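Here we start with a single chain on its own, the form predicted alone, put down as structure tokens.
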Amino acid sequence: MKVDPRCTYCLLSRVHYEAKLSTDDEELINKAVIAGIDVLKDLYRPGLPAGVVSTAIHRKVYDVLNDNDPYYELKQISNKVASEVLPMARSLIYEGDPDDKELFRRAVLASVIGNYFDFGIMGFDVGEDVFDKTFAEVFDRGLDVDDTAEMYDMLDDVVYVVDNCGEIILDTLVFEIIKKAGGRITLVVRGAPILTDVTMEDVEVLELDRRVDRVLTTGSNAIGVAFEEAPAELLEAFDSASLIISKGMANYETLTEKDLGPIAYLLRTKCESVAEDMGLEPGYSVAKLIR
């Protein structure tokens, strides 16, 4: 996906948000915002991949703040809230003794709803105090784009590129169904902290390695996947996968820059730019398969 003019003010809003997470020093916050503006001025060009711009901005701002993980506390909050919602999600998924394909559809829906956990996105910040209510309401509405029946037949060797903390707790419900279907899972997390995204440290704390067959990283703290920074093992995994599952908008923005497939994009369309690129409306729950 290419950068869109609307990305500019959203990125700067996120810069201000993470600067305030990191420090109360107004001078340093202003320096961080100015640094973000400078990167936009120097780098922004129509037709440039969105991930290139966002990665450059956040790396610069983290450097100015001298903080490699300003979202650390929010990540812990997200995991706590998702853990509290998990029993309700599981009960909704298994209610009424559904068949395996329906189990998969419901688990994917729960995982997509988990994509709400994205603090700092303009207009889509769901507070921890209302997430359980939000979850039940969106689950009842179902998926707006639903290719899960086709995905279910492609679960032999899944490469699952995860997104944020919080939602990773709900992703484990999908892992369960993939394993139940006899599939193999390669989990892909960020190589270093960026935004609220899952890293190897989170894998260890949450014991996610016990839920999957192997864990790889993207090789860096780039937004999404920067293929020029990705380890060879990850690129080989993409090539051999029966299905790539991509969670969230950042992974969508970067993975769409390569000819990968089959690939399933699981996300909430939390911004107009991504929704438009997918040919959808903002606020959709999406499980879209691209062969």
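Position 1 is the first residue in the sequence shown; the rest follow in order. Not measured: the values here are computed from a predicted model.
What comes next is about the form predicted together with another copy of the chain, which does not appear here.
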* Interface residue in the model of the complex among Leu280, Leu21, Leu12, Cys271, criterion: non-hydrogen atom within 4.5 angstroms of another copy of the chain -> Leu12
* Asked: 221-229, 64-72, 249-257, 44-52: which one contacts another copy of the chain in the model of the complex at 4.5 Å, heavy atom to heavy atom?
  -> 44-52
* For Asn30, is any heavy atom within 4.5 Å of another copy of the chain in the model of the complex, or not? -> yes
* Partner contact for Ile37 in the model of the complex: another copy of the chain, 4.5 angstroms, heavy atom -> yes
* To do: Report whether the minimum heavy atom distance between Lys2 and another copy of the chain in the model of the complex is within 4.5 Å.
  => no
* Sequence-ordered list of residues in 265-284 near another copy of the chain in the model of the complex, where near means a heavy atom within 4.5 Å -> none
